[in-house]
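Given next, in structure tokens, is a single chain: the form predicted alone.
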């Protein structure tokens, strides 16, 4: 059974009958929804969520968010139970995802959560209260 046939059956069940015009109209509405849900924003959002989908990376973001200031790369090691190379890799992924910024200060690298990262964490924290 094709997806169009299933849609036609659904519309017939829900609306007591449907013709080709009604199926075409509904398909057009669904295609508009799909276009609005997709595109560059979808790819960007999936990249952001993928970057957060790891305990080390998520904890780094939470630490930076709570700190509210720049932290040196060396300040993460005592807080995370992973190797220095894993921390470095996580920081690179978070930077690539636009969740943190980094700058070189002499021989040290300093990191800060971006406004977008802070907004995501505020939204997550707020959603726990729902």
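Positions refer to the first chain, counted from 1. A quick note: this is a predicted structure, and the numbers were derived from the prediction, not measured.
The next section is about a form of this same protein that is not shown, the form predicted in complex with a further copy of the same chain.
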Exercise for the section: Would you check, heavy atoms only and a 4.5 Å threshold, whether residue 50 touches a further copy of the same chain in the predicted complex? Expected result: yes
Notebook entry, point to check: According to a 4.5 angstroms non-hydrogen atom cut-off, is residue 86 in contact with a further copy of the same chain in the predicted complex?
Noted result: no
Checklist entry - Does any heavy atom of residue 14 come within 4.5 Å of a heavy atom of a further copy of the same chain in the predicted complex? => result yes
With a cut-off of 4.5 Å between heavy atoms, is residue 110 one of the residues that contacts a further copy of the same chain in the predicted complex? yes
